[in-house]
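Next comes just one chain, in structure tokens: the form predicted alone.
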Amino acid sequence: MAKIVNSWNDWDPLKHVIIGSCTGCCIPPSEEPSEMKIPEDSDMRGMPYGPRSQESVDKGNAQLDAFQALLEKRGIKVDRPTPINFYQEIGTPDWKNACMFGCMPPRDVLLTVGNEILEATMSYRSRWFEYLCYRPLLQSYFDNDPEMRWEAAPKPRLTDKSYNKGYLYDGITMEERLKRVADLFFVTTEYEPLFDAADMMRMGKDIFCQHGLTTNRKAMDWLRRHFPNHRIHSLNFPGDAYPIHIDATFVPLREGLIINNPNRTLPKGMEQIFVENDWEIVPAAQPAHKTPPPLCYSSVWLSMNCLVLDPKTVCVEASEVNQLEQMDKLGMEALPVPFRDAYPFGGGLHCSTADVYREGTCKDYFPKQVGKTLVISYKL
């Protein structure tokens, strides 16, 4: 049987990937953690929960299908999840929720490390069952690849103990939000491990994790124990008032090169490990748009949420002319991919995918471990 699962970073040549689906996606009910994700000026604030319009679903799926065709034309195998009925009440013995979210962004749910695919805990109740959409694919990989490791992180209870109740209150200023981020005070507590896979940046022997609204330090401690041969690091970006998912903030393009959101720069102490190992950190180009598409959770910085196909080739949203130009200057062939109709369903080109197979092996890109980013403790 052939080897199916292998991926150690985000830039080795991509050969097999999962692309999400907009089918059946919903606007989920308001939750404490999800409310913190929505910017103050977003038209998502106060939206009633329920199915997204069929017109928007069709437009989003059309762009996902075109993205799939582009990758397949380049010889990359593409799999798709199996959507479930997201518009139904869900619950556990601890809580109930009126409906779910969807399965457009597999990057949030699945973390591929070498020959292992790990199902993330997730930190929203509306996304607790999202892993079910990927189970048919994971079952197939497991059945046909004798070396594939199929793991699931401990499913969280997501009781009120997992959240700082009242974290979001009317009248909070942007300065107060930024101070909370700088103080590492988030809506998620340290009661149980909580993480979204999109908060992880895989770089060979090292995994860098964004500590923010969807991933806590207890999860990083769990990951450290689960991956004992890797080094787990915590990063946070004090300039980001809504720190959720690292792939619109800190994006590696190839070995030795990272683009960093200029509004969310890495603190001095945390950049040391990159500097000491001769990595270049370049400010990302400014977004071409001043506002995100209607009913989109994310910021305009999805402009830098790109999918690297190999160290010389990258997919960038087609209207992001500034990012396309920057990629060209950085020596990358930039493939324009229309994707703004898919943004509202959970993110950009990187968010909408999950690696299954990339060429390459586990390398040590950071042999000089002089920084202090290794996670060794957390406060309850």
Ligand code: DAV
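Don't overthink the numbering: it's just position in the shown sequence, from 1. Because the structure is predicted, anything quoted here is derived from the model rather than measured.
This next part talks about the form predicted together with the named molecule, which is not shown.
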In the model of the complex, the one of 162, 298, 112, 234 near the named molecule [non-hydrogen atom within 4.5 angstroms]: 298
Answer option from 218, 211, 264, 202, heavy atom within 4.5 Å of the named molecule in the model of the complex: 264
Contact label in the model of the complex: residue 307 to the named molecule, heavy atom within 4.5 Å: no
Interface membership of residue 245, the named molecule in the model of the complex, 4.5 Å heavy atom rule: yes
Contact of residue 316 with the named molecule in the model of the complex (heavy atom, 4.5 Å): no
The named molecule contact at residue 302 in the model of the complex, heavy atom, 4.5 Å: yes
Stretch in contact in the model of the complex with the named molecule, which is absent here, among 176 to 184, 268 to 276, 69 to 77, 246 to 254 (heavy atoms within 4.5 Å): 246 to 254
